[in-house]
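We begin with a single chain expressed as structure tokens, specifically the form predicted alone.
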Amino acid sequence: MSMSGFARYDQSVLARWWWTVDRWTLAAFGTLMVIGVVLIAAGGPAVAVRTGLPANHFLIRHLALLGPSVMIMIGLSMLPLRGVRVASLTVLGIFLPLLALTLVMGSEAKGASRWIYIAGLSVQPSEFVKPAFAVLLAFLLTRVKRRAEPISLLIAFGLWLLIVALLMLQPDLGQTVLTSAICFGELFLAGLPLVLVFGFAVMGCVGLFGAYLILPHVASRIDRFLNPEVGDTYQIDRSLQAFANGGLTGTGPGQGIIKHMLPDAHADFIFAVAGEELGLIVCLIIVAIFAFIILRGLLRVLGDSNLFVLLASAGLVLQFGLQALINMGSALHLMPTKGMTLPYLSYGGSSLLALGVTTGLLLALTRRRNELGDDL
């Protein structure tokens, strides 16, 4: 009997899950959740009071959604490979139509219609579409490689094109770039002809340039990044000031002052709150945790003979890692600002539930299948 309470010979569902799931990655996710609660408890009240809400509004809502997110994560992590595919198809079947509905009945904020209200909860369908797309794309590319089915490649391309079109109509360039990066990464790993991969890369570059020319808010963010004197850089200036104030060890939880000036201190700029109140050392630990999850996820499947497992896991860790990189890079002014949450650290409402889907699917894919049979 181990400290977990599950014996090696125990064949119950929970016991088999415990002995096959990657407990190090599970612990890393748990650590991010705890840090996130601390940061939202520190940064949330300033934003809540400033917007006329009760001081603990964001913390209470975050905790209320964190529980269901953990339940989704654990539930999905128990699925066999067939269940992973079915779950992903179900999620896409639900949220892809909702993504389209945001264009006609979505809630507009900051010039974009990205959210839709369901049972009083503001939901961003693109957050759920991303992990489902990563898994289904892996399935289609595996059929292309193993069964030489060109129709699967056409379906994959059409699905990517549909999602990108819906995202750009919102418009949401950040999620478009993230979805395209997943597609490009899986195409590359699948070993498809370099001409095809290069073609996708060229299309992506053309799309970015087109967005710069067509979308004023995209051009404004890029211009301000390249030349801060051409526009308002208030949030970035405050964010950098927060990191400067924090130094190595920070001012202490709840003791920061910049959060009172940052409109998105609880969400897009939660990393700045960490920089001021917890300091450089803790920020580096946070970066290390994200890096550990990415590397661990890749190493768990690197030698796997199942191409679907390799591609799907790579797509999910790429999505998770790039989202973290974009958020932290924006807060440090290493790239143009983009409204994207920091996984498990930012307050994000329904994005917590979507993270439960992403992490649950990743944990299911990286389980040790040799102990459970080939059908996992």
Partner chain sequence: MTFFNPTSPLSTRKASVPGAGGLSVRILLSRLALWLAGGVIDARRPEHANAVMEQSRGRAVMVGFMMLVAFSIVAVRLVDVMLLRTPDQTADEADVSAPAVADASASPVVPAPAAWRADITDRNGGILATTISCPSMYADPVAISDPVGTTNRLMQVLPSLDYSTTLARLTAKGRMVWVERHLTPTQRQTIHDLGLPGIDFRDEPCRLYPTGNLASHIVGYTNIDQVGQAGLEKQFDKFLNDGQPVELSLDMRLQHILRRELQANVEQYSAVGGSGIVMDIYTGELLAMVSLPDFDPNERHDPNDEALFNRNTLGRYELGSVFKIFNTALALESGKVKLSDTFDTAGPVRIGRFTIHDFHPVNYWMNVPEIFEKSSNIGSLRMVQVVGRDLQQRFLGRLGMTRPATLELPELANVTAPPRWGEVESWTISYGHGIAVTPLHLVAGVSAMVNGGTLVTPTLLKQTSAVPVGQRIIAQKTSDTVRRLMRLVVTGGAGLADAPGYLVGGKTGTAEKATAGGYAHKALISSFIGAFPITKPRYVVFVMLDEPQGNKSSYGYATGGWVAAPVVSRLVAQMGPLYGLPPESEDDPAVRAALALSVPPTNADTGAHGPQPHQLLPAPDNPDGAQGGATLVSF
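The structure presented is a predicted model; accordingly, all values stated were derived computationally and were not measured. Positions refer to the first chain, counted from 1.
Below: the form predicted together with the partner chain, not depicted.
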## Note on the structure
In contact with the partner chain in the predicted bound form (heavy atoms, 4.5 Å), from 126-134, 93-101, 180-188, 78-86, is stretch 180-188
### Query
Does the trio 12, 30 and 48 actually contact the partner chain in the predicted bound form, every residue with a heavy atom within 4.5 Å?
no
### Task
Let me know the one among 287, 168, 121, 74 whose heavy atoms come within 4.5 Å of the partner chain in the predicted bound form, would you?
287
## Note on the structure
in the predicted bound form, the residue from 211, 196, 159, 222 with a non-hydrogen atom within 4.5 Å of the partner chain is 196
### Message
When the contact criterion is heavy atoms within 4.5 Å, does residue 279 count as touching the partner chain in the predicted bound form?
### Response
yes
### Message
Whether residue 192 contacts the partner chain in the predicted bound form should be assessed with a 4.5 Å heavy atom distance threshold; does it?
### Response
yes
#### Entry: Touches the partner chain in the predicted bound form: residue 155 (any heavy atom, 4.5 Å)
no
### Proximity of residue 258 to the partner chain in the predicted bound form, heavy atoms at 4.5 Å
yes
### Query
If you look in the predicted bound form, which residues in 284-319 sit within 4.5 Å of the partner chain (heavy atoms)?
284, 287, 290, 291, 294, 295, 298, 302, 303, 304, 305, 306, 307, 310, 318
